[in-house]
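Just one chain follows, in the form predicted on its own, and it is written as structure tokens.
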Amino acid sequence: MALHRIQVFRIFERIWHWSQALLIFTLLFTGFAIRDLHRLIDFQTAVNLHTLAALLLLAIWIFATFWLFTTGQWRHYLPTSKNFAQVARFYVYGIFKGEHHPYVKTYRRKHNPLQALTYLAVKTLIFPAIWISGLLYLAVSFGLFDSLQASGVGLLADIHTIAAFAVLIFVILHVYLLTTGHSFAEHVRPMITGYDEVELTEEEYAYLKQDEPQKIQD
């Protein structure tokens, strides 16, 4: 295995990532205004922006899910026990001792085991909770699901808010980890340029060299 600089994030993935980040920040900002946690914008403006951002994000996620499964990129999110203990130890102990990150990206695994498990949990638990509660809440506001208006709307709002705080915690941890190990710029650069250093076997390098030479930068 040898390190090579190759494209690990395709253009769609980068657009998906940054548009998703912008819309999530918009949703958190407007959502907290709706819940009266700040008054930087008025209630009706917050509701309108929140609904628009949510529908845009939902459309992006539907398209991204289709892209993940049609390109095989979903495999990068499968959890694995390989190197899991070493990565977990690094984040609990080694990171505070200045140790090097024990995981090096490979062609088939661009996320470390802890990242893959976290992303999978966010995509299969937190996001569905926030989407289902949000869409039901929106439906109630349009007069649908009358039975929920009397007894369940408060519960829906609470579930939606709890899921929103879970997303906020994920965002804070995500940004915090970008400040550890390598510099912040080094962590962010691959999601801008698409290229990063990845371990390749001789067979993988030969395959890319012949079939997808545009992905190799070194």
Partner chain sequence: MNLKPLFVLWPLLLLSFGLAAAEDEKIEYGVSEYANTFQDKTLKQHHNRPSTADHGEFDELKGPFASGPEVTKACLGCHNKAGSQFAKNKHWTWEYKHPVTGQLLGKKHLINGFCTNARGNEGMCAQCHAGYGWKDEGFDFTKLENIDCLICHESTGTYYKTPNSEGNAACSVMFEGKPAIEWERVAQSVSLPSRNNCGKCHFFGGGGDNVKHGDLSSALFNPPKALDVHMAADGNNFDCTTCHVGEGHQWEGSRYQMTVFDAKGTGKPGMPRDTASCASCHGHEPHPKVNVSGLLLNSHTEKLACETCHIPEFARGGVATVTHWDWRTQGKLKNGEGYKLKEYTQGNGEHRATYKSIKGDFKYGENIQPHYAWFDGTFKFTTLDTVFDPSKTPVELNSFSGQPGDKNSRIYPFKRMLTVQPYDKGNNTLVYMHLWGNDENALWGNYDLQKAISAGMARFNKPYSGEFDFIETYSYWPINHMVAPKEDALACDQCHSSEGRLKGIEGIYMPGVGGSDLVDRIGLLAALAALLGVLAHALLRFISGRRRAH
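Quantities reported herein were computed from a predicted structural model and do not represent experimental measurements. Positions refer to the first chain, counted from 1.
The form predicted in complex with its partner chain exists for this protein as well; it is not shown, and the discussion that follows is about that form.
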Residue 141, heavy atom within 4.5 angstroms of its partner chain in the predicted complex: yes
Non-hydrogen atom contact residue 95 with its partner chain in the predicted complex at 4.5 angstroms: yes
Contact label in the predicted complex: residue 58 to its partner chain, heavy atom within 4.5 Å: no
Exercise: residue 186 in contact with its partner chain in the predicted complex, heavy atom 4.5 Å: no
Contact residue in the predicted complex, chosen from 172, 62, 40, 192 - any heavy atom within 4.5 Å of its partner chain: 172
Segment that reaches its partner chain in the predicted complex - one of 79-87, 95-103, 128-136, 115-123, heavy atoms within 4.5 Å: 95-103
Contact at 161, 176 and 180 by its partner chain in the predicted complex, all three, heavy atom at most 4.5 Å: yes
Partner contacts for 22-37, taking its partner chain in the predicted complex and a 4.5 Å heavy atom cut-off: 34, 35, 36, 37
